[in-house]
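Single chain ahead, written as structure tokens, the form predicted on its own.
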């Protein structure tokens, strides 16, 4: 669920480095250089990149700029193409049956080598991928330029890792999740890190 929904789960980050003033005029260009690329007419399994916060179909920011007051907004779009395991199993069995029939007709024995089976698996996967439409998803991102806090509308670990890599690649800045541990470390200082690591949870009931 995005930030414009009635409820949302999100992850907060702080930016580790000092942000150079030269970055702000480059925000739109940097987003466009790492914008989402459509895979509808390919057999690619996955594509991801930035899109406009207001419109997941707008990867050029024609409908609205990323700047909204003191905030920079964008969407991380992730399209994934999946083939059902049952469908793949069926079509692989058909491909193997055809290959065995062909071998029996041409070589006199119904046999498919291990390498040929691997090849048929790849061919079947690519053929089915090309016939399957990718599933689109957008995850909202809001960057408060005053506080330096970045919000991602997701708590999924794999999505968070993808977002952190994309953010660093786009802006040359590194993110640190604002977990209770990191917030305590920020207040107490690195010299208390070992004490924090030794803490154990307490059960009150």
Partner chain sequence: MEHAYLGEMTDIVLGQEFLTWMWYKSESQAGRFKADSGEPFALFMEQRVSVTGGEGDAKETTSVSGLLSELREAKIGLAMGKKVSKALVRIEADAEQWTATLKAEDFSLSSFKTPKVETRREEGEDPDSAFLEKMYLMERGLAFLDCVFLEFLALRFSGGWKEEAAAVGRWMAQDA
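Here the structure is a predicted model, which means the values were calculated and not measured. Positions refer to the first chain, counted from 1. Take the two forms, find the largest set of C-alpha atoms that superpose within 1.5 Å, and that set is the rigid core.
Separately, the form predicted together with its partner chain exists; it is not shown, and the next lines address it.
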Taking heavy atoms and a 4.5 Å cut-off, does residue 184 contact its partner chain in the model of the complex? yes
Indicate whether its partner chain has at least one heavy atom within 4.5 Å of a heavy atom of residue 132 in the model of the complex. no
Test of understanding: in the model of the complex, would residue 17 fall inside 4.5 Å of its partner chain by heavy atoms? no
Indicate whether residue 68 is a 4.5 Å heavy atom neighbour of its partner chain in the model of the complex. yes
By the heavy atom within 4.5 Å rule, which residue out of 144, 170, 47, 43 makes contact with its partner chain in the model of the complex? 144
Taking 4.5 angstroms as the heavy atom distance cut-off, pick the stretch from 108-116, 68-76, 122-130, 81-89 that is near its partner chain in the model of the complex. 68-76
Within 187-205, which residues have a heavy atom closer than or equal to 4.5 Å from its partner chain in the model of the complex? 187, 188, 192, 196, 197, 199, 200, 201, 202, 204, 205
Rigid core aligned, does the Cα position of residue 197 differ by 2 Å or more between the shown form and the other one? yes
